[in-house]
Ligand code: NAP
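The chain below stands alone and is given in structure tokens; this is the form predicted alone.
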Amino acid sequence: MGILGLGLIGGSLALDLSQLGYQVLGVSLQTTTCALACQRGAVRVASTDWQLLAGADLIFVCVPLDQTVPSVARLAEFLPEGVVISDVASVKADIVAHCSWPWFVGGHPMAGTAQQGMGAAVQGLFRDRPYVLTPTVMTDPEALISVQMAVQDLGAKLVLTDPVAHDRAVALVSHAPVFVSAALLLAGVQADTELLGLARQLASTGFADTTRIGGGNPELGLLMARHNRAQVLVSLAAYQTQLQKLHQAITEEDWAQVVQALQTSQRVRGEFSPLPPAPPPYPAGPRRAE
């Protein structure tokens, strides 16, 4: 197995795959990251030299979204035929359309934490989480099987879907919530000084839970908006429609409508699969596969 990009996702993949007995080769831009990955037993060998990945059978490209297509193109310059490549980017249609490597399989693990980097990587990050693969009619069947087997070994919940359908769904449940959360935070800081000070003192777990993703990595949010723009706009428009309905009901003191909306939201929330608790931090020290 090869891992290009040893951050939170790539590092966590490397930890799990090594624990499963795979021989993992890792590539990072930073020598310090390579050293940390080796120290933690996430990889057998790590290097800043991309040529290391020529010895892999399956490579996970775990770089920022906008670097995925250029990275696959660079790998294609020296990889032997038949090497399978999969990515982990949260937008699929644009990436799948522009990756011409014959053995490419679009992928997206629905997992993560608020931390970044190899130091934040944890074992078991993908267990019981959805892991989406987005094959098309052009996808090599054997390449798809190879990635499926790896995903199943990780203990993830395999989901196969069309790239466009994926982007529509993640816009609703992953991308738009970032901007909804950010908007709530921005509304808070626009309050007058006295109110803002008191609000900061009173903010508790409810506000923290609601705004967690809005306080995340700005660059990641920007990439979501740029590369899944059309679907994010559709989801934000749907949210604005529902918010306006609630605003109108409260303005008109239509409490029956307010209760009905809240009862509906209470009921449907359970229809969205709850995620298990995040795994504990990975133990210090190397843990290598036999």
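Just count from 1 along the sequence shown to find any residue number. Predicted model, so just to flag it, every value in this text is computed and none were measured.
Below, we turn to the form predicted in complex with the named molecule, even though it does not appear here.
A single residue from the set Pro102, Gly215, Gly117, Gly197 has any heavy atom within 4.5 angstroms of the named molecule in the model of the complex; that residue is Gly117. Of the candidates Val72, Ala176, Ala111, Ala150, Ala111 is the one whose heavy atoms come within 4.5 Å of the named molecule in the model of the complex; the others do not. Residues placing heavy atoms within 4.5 Å of the named molecule in the model of the complex fall in a single listed stretch, namely 56-64, out of 245-253, 232-240, 259-267, 56-64. Contact check for Leu6, Trp50 and Leu220: all three have a heavy atom within 4.5 Å of the named molecule in the model of the complex. Using a 4.5 angstroms limit between non-hydrogen atoms, Asn228 is distant from the named molecule in the model of the complex.
Among residues of the shown chain, Val45 is not one whose heavy atoms approach the named molecule to within 4.5 Å in the model of the complex. Using a 4.5 angstroms limit between non-hydrogen atoms, Ser90 touches the named molecule in the model of the complex. In the model of the complex, no heavy atom of Gln39 sits within 4.5 Å of the named molecule.
Taking a 4.5 Å heavy atom cutoff to the named molecule in the model of the complex, none of the residues in 153-178 make contact.
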